[in-house]
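Just the one chain here, laid out as structure tokens, in the form predicted alone.
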């Protein structure tokens, strides 16, 4: 079986040798899905996984825009339309200098499985640009978003491809892109999710990824007769996902003691309560400040420059920043310090070596395709509300999100139970694969 996996990886690597993030995601899925495929006559010999790892379409385009000084700037835009077997492409747009084809293919591939797990009819895609919103004026961001959408609008639509936000793309950017799409198409449709409440958005969409990450951790702990309540939680990041993961932890009576950004992390032994979290939200969302400023407002806390928070003792770790932020050494330190549960809020934030450490020690570990699926799940609910021309209450959406995260958790148990321990990575990969593979088989070789 190991030889089958390595042969498959070798073949994919020949085509994608310059795409390390994408190959990491493919390897992680292959190690659990290929043994399952071999054991199932319906899938064996159909090259299903080979077809899944090849995008249906990759779009790459130039984005010209004019800065406040009147200078013409040029960025590169992308959209990876990975798989549409169970529904229109669905996945975020990321604006960040690190964006390249490898990162977007890895995110799009993960999105296929993530969207399948939600049980909603959504295929997988991802896109973005190497444009950096940091330090740009609202006018510059508007002009960039309008130029970006002027090219992208040809390839998306409410029944074709429905982008959302991601790193660097929040409500402001979604608004500018939606306005340009509406102008170009001369129609008001639910082509983007993450919209403002007054023009087609859904309640708790901003909160959904962070909330869902904590709901999944609670489901894992409940399964072993435990709970988030009273636990000490270490969170990385201080953006949208981290903020609302912290908020949900507070609501469930846990104590969050860290947040971070690219400059370092803050450690508040007294806990980042509602008042302190409100300060962080204002600092990061409105003032575009750095997390180091937290200690000026709350001097009992400490700031650790250019460090990550994984050496801080905790019960639960929620990596909510970026890919490969938590390595094997971090994983060992977390376990030695008493951590019992890791739930990924970001996409692939734990390195393969870190995941191996968690597996070896049978620590509760939730891969992002399962634990951070709450964001795209509520995006799917936003699409449903747009189709109905109707809005659900906050409580209705939150209850639907809880149910979806519980369904994902139960699917992971069904396919990942191993001698009394749940391999959530294996369970998520197989459960996500089955739905997409069945649809691909039914639709023929297309």
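Everything numeric in this text was worked out from a predicted model, so none of it was measured. Positions refer to the first chain, counted from 1.
In what follows, reference is made to the form predicted in complex with a small molecule, a form of this protein that is not presented.
Partner contacts here mean any heavy atom within 4.5 Å of the small molecule in the predicted bound form, and among 143 to 151, 220 to 228, 178 to 186, 159 to 167 they occur only in 159 to 167. Using a 4.5 angstroms threshold between heavy atoms, residue 258 stays clear of the small molecule in the predicted bound form. Contact annotation: residue 314 falls outside 4.5 Å of the small molecule in the predicted bound form, judged by heavy atom distances.
Interface membership of residue 205, defined by any non-hydrogen atom within 4.5 Å of the small molecule in the predicted bound form, is confirmed.
Not displayed here, the small molecule is kept clear of residue 84 by more than 4.5 Å at the level of heavy atoms in the predicted bound form. Put simply, of 92, 309, 201, 77 only one has a heavy atom within 4.5 Å of the small molecule in the predicted bound form, and it is 92.
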